[in-house]
Ligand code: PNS
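There is one chain below, alone, in C-alpha cells, taken in the form predicted on its own.
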Amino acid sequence: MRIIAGKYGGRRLPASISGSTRPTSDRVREALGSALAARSAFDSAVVLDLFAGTGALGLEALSRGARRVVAVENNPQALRGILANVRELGVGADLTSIKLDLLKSPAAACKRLGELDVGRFTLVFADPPYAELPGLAPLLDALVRNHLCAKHVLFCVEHASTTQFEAPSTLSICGSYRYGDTSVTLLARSLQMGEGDDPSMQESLPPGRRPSAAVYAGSFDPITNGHVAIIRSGLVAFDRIIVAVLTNTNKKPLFSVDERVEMIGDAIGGDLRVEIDRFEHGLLVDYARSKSVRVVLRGLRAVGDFEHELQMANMNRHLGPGIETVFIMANDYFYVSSTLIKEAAALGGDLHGMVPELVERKLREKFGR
C-alpha cells in the first residue's frame, strides 16, 4: 500500500493488514482523491477518518494538503498499524489516532471526539464493515447535530456497490462513484435556506437597506460590447457591479492586465456604480466573500453556453453556500466573444459595433491592420 499523490506521493506504508481490516484499494483512493481534489476538499481540511483501518485515507488527505486528521479505530492491531504508518511518514504532529467504538453509542462517540478540540471537521471519511453500514446513518446524523462539523463539510461513505446508503435527514447526497465492487457516496449537510450566509457579510454593511452588488468576473481580453451590455443590464438589478479581471489564467492574454483595466474603464465611461478590480488567484466564491458580495453575475450568449454555466453555478453553490449566480442574456451580442473578436481583428475584419472604440483602436495597433 502506498500514498497516491501529494507531497508524500509514492511513499510505501509499512503496516501489515490484519484479517479483520478491509483497506481501501489504491485504485479507489486514487479515483476518490481526484474527485475530492477537484472540489478543493483537501485544502487546509480538518479530516475525520472513521473506521480508519490502516489510516491510508487520512494519510492521503495529509499528503494532498489537509491540515489535521483524526483517525478513529476500535481494533488494537489496526491502531498499531496506523502508528507505524504515521512514524514512517513523520506526520505524528498532524494525525491523532484514538480507540473508539463508533456504533455502540453515537452520542458517546461525539462527546469523545468533541474533547479533542481540533476544530470542526470539514471532510469525513467513513468506511465501516459492510455488514454494519445500516448503523452508520445515526452516527453521521449525531456528528452534524452535535456541531462537530463545519457547515460545508463533505462526507465520503464507502460501501459495497450492491448496497445503497440511506442518508439521514440532515445530509443530502451530492455525488456517487462506483469502482467495481466498491462504491463511494458523497454527502453534504442539508442546509436550511440562508444558513450558508456568512454573517460578517451583513455586519460590515451600514444600517437600513443593504445595497445590492454582484461580481462579474472574466479575463476580458478584450472587453466587448457584449460584456458592456451585461454590465449595463446588471446595473438595472444591482446598485453596484464589481468587474473582476482575472490576472492568473491558463489563457495567454493578448492584452496586459493594465491594458484590460484601461479598456474596461473607458467602456463603462467612468460610471461610479462600476468598480474595476483584479482577481489574481483562488476561488471566485472566496473573492466574492472578501468583497461582501453574495451574487455572481454571468452572461449567456446562446444555448451552447448553458450547460457549462450551469455546472459552474452549481459548483460555486457547493463551494460557497449563500452565494448565488444570476444569469443575464447577451441580447443582440449573442454571437460576440473575445476569442472571435481577436480572430477577426487578426484577419483585418470590420469590428465596428462589436467592441468599444478604444478596444477597436488597440486591436488595430496590435495586429497592424
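Sequential numbering from 1, following the sequence displayed. Quick caveat, the model's predicted, so the values are computed rather than measured. Think of the rigid core as the biggest set of C-alphas that the two forms share within 1.5 Å after superposition.
Below: the form predicted in complex with the named molecule, not depicted.
- Contact annotation for residue 125: none of its heavy atoms lies within 4.5 Å of the named molecule in the predicted complex.
- Contact check for residue 251: a non-hydrogen atom falls within 4.5 Å of the named molecule in the predicted complex.
- Although the partner is absent here, residue 312 sits close enough that one of its heavy atoms falls within 4.5 Å of the named molecule in the predicted complex.
- In the predicted complex, at least one heavy atom of residue 298 sits within 4.5 Å of a heavy atom of the named molecule.
- Out of the listed residues 185, 225, 219, 182, 219 is the one that sits within 4.5 Å of the named molecule in the predicted complex by at least one heavy atom.
- This chain is displayed alone, yet in the predicted complex one of 165, 279, 121, 155 has a heavy atom within 4.5 Å of the named molecule; that residue is 279.
- Only one segment in the set 24-32, 315-323, 64-72, 44-52 has residues whose heavy atoms sit within 4.5 Å of the named molecule in the predicted complex; it is 315-323.
- With the core held fixed, residue 282 shows a CA shift of 2 Å or greater between this form and the one not shown.
- In a rigid-core overlay of the protein, residue 54 has its C-alpha displaced by under 2 Å between this form and the one not shown.
- Relative to the superposed rigid core, residue 31 undergoes a CA displacement smaller than 2 Å between this form and the one not shown.
- With a change of no less than 3 Å, the CA-CA distance between residue 171 and residue 296 is smaller in the predicted complex than in the form shown.
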